[in-house]
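Below, in structure tokens: the form predicted on its own, a single chain.
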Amino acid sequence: MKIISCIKQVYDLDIVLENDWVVDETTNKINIDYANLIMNPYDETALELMLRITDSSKDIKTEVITIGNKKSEAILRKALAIGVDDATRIEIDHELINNPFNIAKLLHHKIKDDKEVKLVLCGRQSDIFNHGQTGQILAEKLGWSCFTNVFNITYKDSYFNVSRTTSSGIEHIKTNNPLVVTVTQSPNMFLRMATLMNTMKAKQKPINFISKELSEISEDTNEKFYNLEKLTVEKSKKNCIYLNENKNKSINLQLSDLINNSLNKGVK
């Protein structure tokens, strides 16, 4: 059996200034190239979750997949250094992977023929664009079950035990079917550190390389691929309303009316 964790290299947004969120209208991009490149935080949690499954089941193979240029191999090396068996990089023009449909299409093309794969983990969302849809679209293409907001998975007696958060509380699922999960961050889930020796060894390990064009995949599947037409940064608007106690309505009732009016405006 094999488990795959999909990881992504993103900019460290902690050092990006608010005034730097400016869209270049000619390229439809925001230039924050000065920021450091790191592994997407949600993907780190998914990767650690995968490794914890293999800690108790040594016969499970593990693989990480990323989509990107040569620079993105840094996060693959990091994954190899902490115990992942294989790493794959899908090379493609990064201008074409700005939406979850194209990302899921590439991942599906890589995963669909590997009969060993029984579990695919994705971070809940990416720090780039924050779509939060790739895992669900990938599951639909594979025809597998999908569970979102997962914070823990264990594997025992050929069954996956999945724990996830829902609007009504915590849900526990037991299944032996192949599945895709999107992982949310957990206060007790931090990515393990690699030793210096394993880091050096990881630099010598081979990384599987796939070069693909979305047009090739579209010809195989008769599906369209999507382009980014326009990108805008929404400026926040702040309004302040002062509520005063009066004879007709208390402050609580006034606040309730404001909330209801605001919600009703959003309903069409």
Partner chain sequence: MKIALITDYNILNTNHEINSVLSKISNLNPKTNNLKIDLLYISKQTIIKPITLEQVNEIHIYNQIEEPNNISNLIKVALHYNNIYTPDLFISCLKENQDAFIPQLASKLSIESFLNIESIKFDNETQKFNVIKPIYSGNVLGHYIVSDRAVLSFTKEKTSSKLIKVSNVPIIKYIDYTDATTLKDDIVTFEKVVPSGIKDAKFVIVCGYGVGSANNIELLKDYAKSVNAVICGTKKVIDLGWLPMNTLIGTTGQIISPDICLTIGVSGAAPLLNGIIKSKLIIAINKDKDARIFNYADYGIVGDYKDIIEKEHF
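We call the rigid core whatever largest set of C-alpha positions still superposes within 1.5 Å between the two forms. Positions refer to the first chain, counted from 1. These numbers come from a predicted model, not from an experiment.
This protein has a second form, the form predicted in complex with its partner chain, left out of what is shown; the following refers to that one.
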(request) Please pick, from V117, C146, L191, A194, the one residue with any non-hydrogen atom lying within 4.5 angstroms of its partner chain in the predicted complex. (result) C146
(message) Using a 4.5 Å heavy atom cut-off, which of 194-202, 83-91, 137-145, 68-76 contacts its partner chain in the predicted complex?
(response) 137-145
(request) Report yes if any heavy atom of Q125 sits within 4.5 Å of a heavy atom of its partner chain in the predicted complex; otherwise report no. (result) yes
(message) in the predicted complex, is there a heavy atom of its partner chain that lies within 4.5 Å of any heavy atom of S57, even though the partner is absent here?
(response) no
(request) Verify the contact flag for N130: yes if a non-hydrogen atom of it lies within 4.5 Å of a non-hydrogen atom of its partner chain in the predicted complex, no if not. (result) yes
(message) Using a 4.5 angstroms cut-off on non-hydrogen atoms, would F101 count as touching its partner chain in the predicted complex?
(response) yes
(message) Within 4.5 Å of its partner chain in the predicted complex, counting any non-hydrogen atom, which residues from 145-180 show up?
(response) S145, C146, F147, T148, N149, F151, R164, T165, T166, S167, S168, G169, I170, E171, H172, I173, K174, T175, N176
(request) Establish whether a shift of 2 Å or more occurs at the C-alpha of L258 between the shown form and the other one, with the two forms superposed on the rigid core. (result) yes
(message) Does D12 move appreciably between the shown form and the other one, meaning a CA displacement of 2 Å or more on the superposed rigid core?
(response) no
(request) For T27, state whether the C-alpha moves by 2 Å or more between the shown form and the other one after rigid core superposition. (result) yes
